[in-house]
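Single chain ahead, by itself, as structure tokens, in the form predicted on its own.
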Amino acid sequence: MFFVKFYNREVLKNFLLPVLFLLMLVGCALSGTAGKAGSPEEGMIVGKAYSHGVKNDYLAGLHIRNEYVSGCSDCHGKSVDVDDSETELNKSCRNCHGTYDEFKAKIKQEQKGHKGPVKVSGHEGHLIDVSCTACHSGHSGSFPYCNYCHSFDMKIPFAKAKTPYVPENLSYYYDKEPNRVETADVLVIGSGGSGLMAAGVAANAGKKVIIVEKMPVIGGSSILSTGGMNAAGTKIQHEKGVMNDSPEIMVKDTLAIGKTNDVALVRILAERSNEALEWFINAGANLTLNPKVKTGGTTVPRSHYTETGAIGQYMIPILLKELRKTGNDVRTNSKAVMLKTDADGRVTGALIYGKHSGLYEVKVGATIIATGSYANNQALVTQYNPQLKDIITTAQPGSHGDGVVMAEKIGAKAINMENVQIHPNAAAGTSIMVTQNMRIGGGILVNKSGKRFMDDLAPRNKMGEEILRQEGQSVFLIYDDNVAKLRKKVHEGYIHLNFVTTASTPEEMAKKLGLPVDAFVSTMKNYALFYKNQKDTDFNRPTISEPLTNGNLYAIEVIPGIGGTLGGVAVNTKMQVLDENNQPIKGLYASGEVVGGWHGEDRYGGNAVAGNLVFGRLSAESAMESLGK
């Protein structure tokens, strides 16, 4: 029964094999052949013993056979223990093969001047601070992490079949005992923008912080954010001539889109948005704003974005750099599975399941859950919203709603769980979200009849619903060179991923897409006229910033997909998690997408990034207050 239980839970590779390895090393040590640093011959004996048989097919065996290493210690260091983040292993990889950034630079140089489709490389992706072991495994098959979302024909040594990240039944851990107990001041669960911001604030206040991330990479869904950051009454707005914005107007615009938002949280978001933006800029961000564009049906241009790429890829490195200045502990491959409470119901930390270290407890004075959405947990989504069964998601693969599940287990209140964000711009045939900035910058949507069918800047959920009514439940995003220049790197990325159609004229584009030529040409002519007159007589688009007559035309077929979720745990204005009686659960705070209510029924694009910084900071401030600064 013991073996069956562990085999079914796929702990075989994380438990039995490491135990066998450890026993082997102990045996070697007793015989005087434990891979001593000064004894390459003895190290080779150990290595060959471990890489014998099936293990010889993997990277460890390859390194031993070719004498790239002299024994286990060359990769593992002096200790036989492997930490959950696999720090020593990754350090060894980089020492021999170079850093991730060096690989990116090498590939960029190799592809310079290349014509035709570009081969996609896992070392040139959008992820940040990626560990080598996120893809490459020494003693088992390897799988490219990129292909958990993509479907690239990506070669990787000793490849294995994809083992998807699936939601786990956390009740398995409820009666388990930890193998050790650690202590700190603050535990942050989740390493997206919100979690990193909270951890950084607490660490800078002098607190000992542990950040746990269940995935092998940092960033959560924040790393996928391609849009902008909303902020009201900013210096950048004033420099661009936008003088009429204020927190009050931002609140009004947000409520007009979300309808049922928690007004108190929206007010905090708006009032502290400028402060958050200033912090971001002072930390190194270089943001701008298009004064001609109002997004999602709002009344004032306030979406601040970076011209150098997607904002998530920009934000996470800045947050991580700020956090690492404090020297605090960021652990990947470390999944929080259960919140712990004392006799009075106060949260005292959590049980963590480490990839290598197993189940352990972290005891703290304050716990902040920043675990993100449940958008990749179809069972949970359809439990509350059955009509969304089988719709794709663009969320990161670990978005399972663990934070909500753990919080509900100890009596927390979950709200608005039926509210899901339908993003209208997933590239057809992929799970890649196409930035709304291609529409904001001037792009339009046309259906398979070659015609526009709605205001291209409508709120996301409204647009997603309308796309599902079109033929084939997909449409084409059309933009030109002028729009592409606004987000040059993002556009180049889409070209790189081979889902962009390019044409020099509307006629050519219609033929390539299989659209009625006359209808599409007429649509483009009419839109250019709307630009000239600055009035959309068809659908009342509020801002028309480009006539789409400049240079090449580009098209991406897009479909609706779940971009995120809008429900989650209930909190008060101090980000304290509330119980079913709306009373705060002592010691427990929440921030980011795991929090329900602040988006209402539809998310105003750009509020999520602002909320990462605003509510991440606020949750940490409240935690510091409870601990005593």
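The structure presented is a predicted model; accordingly, all values stated were derived computationally and were not measured. Note that residue numbering follows the sequence shown and begins at 1.
As for the form predicted in complex with a small molecule, it is not shown, yet the points below apply to it.
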So, residue 340 and the small molecule: in the model of the complex, are they within 4.5 Å at any heavy atom pair?
no
Touches the small molecule in the model of the complex: residue 62 (any heavy atom, 4.5 Å):
yes
Do residue 321 and the small molecule come within 4.5 Å of each other in the model of the complex, heavy atoms counted?
no
Residue 451: heavy atom within 4.5 Å of the small molecule in the model of the complex?
no
Check for me: heavy atom within 4.5 Å of the small molecule in the model of the complex, for each of 82, 120 and 226, yes or no.
yes
Of 145, 527, 554, 476, which one comes within 4.5 Å of the small molecule in the model of the complex, counting heavy atoms only?
145
Taking the small molecule in the model of the complex as the reference, which of 280, 520, 100, 314 has a non-hydrogen atom within 4.5 Å?
100
Based on heavy atom distances of 4.5 Å or less, which listed stretch (255-263, 132-140, 383-391, 284-292) is in contact with the small molecule in the model of the complex?
132-140
